[in-house]
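We begin with a single chain expressed as structure tokens, specifically the form predicted alone.
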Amino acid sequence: MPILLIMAWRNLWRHGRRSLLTALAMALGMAMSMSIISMYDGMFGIMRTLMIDQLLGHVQITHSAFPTRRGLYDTLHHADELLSRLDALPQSRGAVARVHGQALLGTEHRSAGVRLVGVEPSRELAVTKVQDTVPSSLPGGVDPGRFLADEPAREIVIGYDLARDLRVALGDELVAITQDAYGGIGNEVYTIVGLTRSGDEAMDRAGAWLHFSDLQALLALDDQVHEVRILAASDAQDVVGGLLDALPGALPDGLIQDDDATAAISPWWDIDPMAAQMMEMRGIAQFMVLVVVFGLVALGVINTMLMSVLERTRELGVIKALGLRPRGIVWLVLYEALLLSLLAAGIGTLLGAGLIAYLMTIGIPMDVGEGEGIGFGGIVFPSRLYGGISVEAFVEPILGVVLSALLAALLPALRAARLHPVDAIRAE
């Protein structure tokens, strides 16, 4: 076996320029694959953070009618006790309670219908990092302010786009008018303390964050909440599944004070099937990239190996006449392809690592105006998109280049194995 490896290495460098050019082409394809996977890691990482960590959670607990009816009175009671029990579950990273409402929000001259979300700032900071929706800077040097204070103080954080439409800034007051849970009119004045650019297009254009005690008071909900969102200890399917199995036993008595309803426990992929489909697109897109790139790699390897076999027809005939079995001929050609692919993998890893480092530090500008990035599926990406890093970004391209080279070399190898020694030796 070692002698075949030595022969394969020497055969590879008989035409060193051709072999090196083929290896470089394979390496470039591999490096491009690594950079594309890195960009997918960055892009889908943003989507995951927004959809799961900040918007949906891994699992939600609601009144059974709330997901479809969205009634103000479809609420959960004893939220504090429920949150304490959920925090104690080993599969849980933490849980948050939220209150939802709709209101007319505006000033003396302008108004807009908005979605109000009530949160407990200190708990959200520890679990969902929702405070990160207030950026460090905004276009034009606009001060984004801060997120809500830990204690209720009639403060409000609104989307940057909504602030532009209402022509308001930090420190301005907004009046919220809505119908409360009992059919009465709820109204209150709130002070703007922050402007968000969360990436959720709906919230940035027509959404606002309040301390949930302030929103409970506006909606006359006392200590009730509309939903509890739980983040699992990891995204692994078995961990989320274990959390779903453990939740029924963690629900306190009196959570739903409605004889005709129950508590609904829903995983995020049932709550927003479109979000689940978008997250699944990563695997499909990544697979298509690998297929295209390594299909081209395979064509280059077939060309190189076939040329090598044709040029060495007489030599291969002599080797077979000396006693090398057809299986040995196959292994000889496959070893050449393997060595060529390993050389390409080494060069490609260095090139790909450099591209990934560039993408992670410099990124790619995605600005479409005023510091706003491209929108897709209700998500607005940052004006500069950075790559991510994962094991798959290195392992999949390396395996792809090696396997595609070996598969592509099978045809020339089998052709060489079928040569008749006498005919091969007479060949010119």
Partner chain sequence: MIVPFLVLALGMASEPEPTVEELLRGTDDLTRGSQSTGRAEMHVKTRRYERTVVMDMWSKGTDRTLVRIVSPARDAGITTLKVEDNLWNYLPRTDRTVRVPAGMMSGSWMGSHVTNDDLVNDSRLSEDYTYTVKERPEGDDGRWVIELSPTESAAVVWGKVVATLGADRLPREIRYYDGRDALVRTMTWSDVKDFGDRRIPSRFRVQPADQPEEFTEFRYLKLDFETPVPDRTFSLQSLKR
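As the structure is a prediction and not an experimental result, all values here were calculated from the model. Residue numbers count along the first chain shown, from 1.
Keep in mind that the form predicted together with its partner chain is not shown, yet the notes after this line are about it.
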I need the one stretch from 172-180, 145-153, 231-239, 91-99 whose residues put non-hydrogen atoms within 4.5 angstroms of its partner chain in the predicted bound form.
172-180
What is the one choice in Val330, Leu218, Val119, Leu351 with a heavy atom within 4.5 Å of its partner chain in the predicted bound form?
Leu218
Quick check on this chain: which one of Asp87, Asp270, Asp258, Asp223 has a heavy atom within 4.5 Å of its partner chain in the predicted bound form?
Asp258
With a 4.5 Å heavy atom cut-off, would you call Glu188 a contact of its partner chain in the predicted bound form?
yes
Although the partner isn't part of this model, could you tell me whether Thr107 comes within 4.5 Å of its partner chain in the predicted bound form, counting any heavy atom of the residue?
yes
Taking its partner chain as it sits in the predicted bound form, is Tyr73 near enough to touch it, meaning that at least one heavy atom pair lies within 4.5 angstroms?
yes
Is Gly249 close enough to its partner chain in the predicted bound form to count, meaning some heavy atom within 4.5 Å?
no
Across 2-21, which residues bring a heavy atom to within 4.5 Å of its partner chain in the predicted bound form?
none
